[in-house]
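Listed next as structure tokens is one chain, alone, in the form predicted alone.
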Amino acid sequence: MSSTRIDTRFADLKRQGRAALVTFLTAGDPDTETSLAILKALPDVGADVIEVGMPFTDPMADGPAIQASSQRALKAGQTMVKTLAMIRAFRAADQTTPIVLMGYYNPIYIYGVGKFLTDAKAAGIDGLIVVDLPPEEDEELCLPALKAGLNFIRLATPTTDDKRLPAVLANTSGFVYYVSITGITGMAAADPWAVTAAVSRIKRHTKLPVAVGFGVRSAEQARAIAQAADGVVVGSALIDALKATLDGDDKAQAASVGAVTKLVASLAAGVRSAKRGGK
């Protein structure tokens, strides 16, 4: 497949000698308008790659924060059609920031795989992370996505041993997402020493960039992870920052967008201050 925005961005950052800040938001949380405003603001405050969560009723790999964000989005009427419309609206002003749709297979299956891939590509999506489709099911979505020109990003975990890793990496493209803890999102802090060892091990099997997520909440943690990883993924902390601004009915307030962008700017500063390779 031809080079994507994801490939271009990681190549550019490698030349700059720094890691990427990868930020996550749930599409439509707490409403489509606020969600789009956050999405549009993220690149200007330091987000290098943006993951957009597809709301789903049963996000089994996610902790309470992202589960609740999905529920808020669905309650506000978010659909896959609206999510793709958000991306098109973002692309009207930004043609360079990579966008990855992240979530579960059910909403894509219901939409229709062929139609979804066509519409996602047309909207400006660059890659997919679908956490509940293992390599054994690559013909279901992974291979069609690659054929459509979308990166298919796979997750590796602390329990992905050297015997399993080649299967995980076989059709992975864009980057590898290393889940730094065992468990669900937002529930524990990553151990920088363990992450360094894990990234080194994964890189023995692939030339793809390795981004590390789950458990990163502060600029200091982001800086520590960025010393070894090619990307630092932050999700639950941003969702929590947004949630803290909502009223009792989970409605956005004047401070909602700024609360997220302020944290992203801090995280970006942490990533950019990392000394790569322990130098």
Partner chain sequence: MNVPPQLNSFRTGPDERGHFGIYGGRFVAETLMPLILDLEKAYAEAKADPAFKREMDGHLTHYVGRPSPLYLAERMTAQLGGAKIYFKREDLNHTGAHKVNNVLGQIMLAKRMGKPRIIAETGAGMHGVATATMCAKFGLECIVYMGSVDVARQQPNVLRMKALGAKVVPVESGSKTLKDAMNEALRDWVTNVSDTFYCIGTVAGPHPYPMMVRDFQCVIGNETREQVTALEGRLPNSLIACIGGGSNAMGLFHPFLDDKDIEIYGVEAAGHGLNTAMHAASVAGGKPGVLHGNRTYLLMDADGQITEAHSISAGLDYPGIGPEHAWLNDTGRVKFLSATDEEALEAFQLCCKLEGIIPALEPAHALARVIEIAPRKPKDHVMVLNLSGRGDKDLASVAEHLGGKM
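Positions refer to the first chain, counted from 1. Because the structure is a prediction, the values reported are computed rather than measured.
What follows is about the form predicted together with its partner chain, which we do not show.
(Q) Quick check for you: of 120-128, 70-78, 90-98, 193-201, which stretch puts a non-hydrogen atom within 4.5 Å of its partner chain in the predicted complex? (A) Comparing against its partner chain in the predicted complex, the contact stretch is 70-78.
>> Only one of Leu133, Ala85, Leu208, Ala148 gets a heavy atom within 4.5 Å of its partner chain in the predicted complex. Which one?
In response: When its partner chain is considered in the predicted complex, the option within 4.5 Å is Leu133.
- prompt: Considering its partner chain in the predicted complex, which of Gly215, Pro30, Pro59, Gly231 comes within 4.5 Å of it through any heavy atom?
  reply: Of the listed residues, the single hit is Pro59.
- Partner contact for Asp162 in the predicted complex: its partner chain, 4.5 angstroms, heavy atom: No, Asp162 sits far enough from its partner chain in the predicted complex that none of its heavy atoms falls within 4.5 Å.
*Is Ile110 close enough to its partner chain in the predicted complex to count, meaning some heavy atom within 4.5 Å?*
Ile110 belongs to the contact set for its partner chain.
Margin query: Quick check on Asn171: any heavy atom within 4.5 Å of its partner chain in the predicted complex?
Written below: Answer no; every heavy atom of Asn171 is more than 4.5 Å from its partner chain in the predicted complex.
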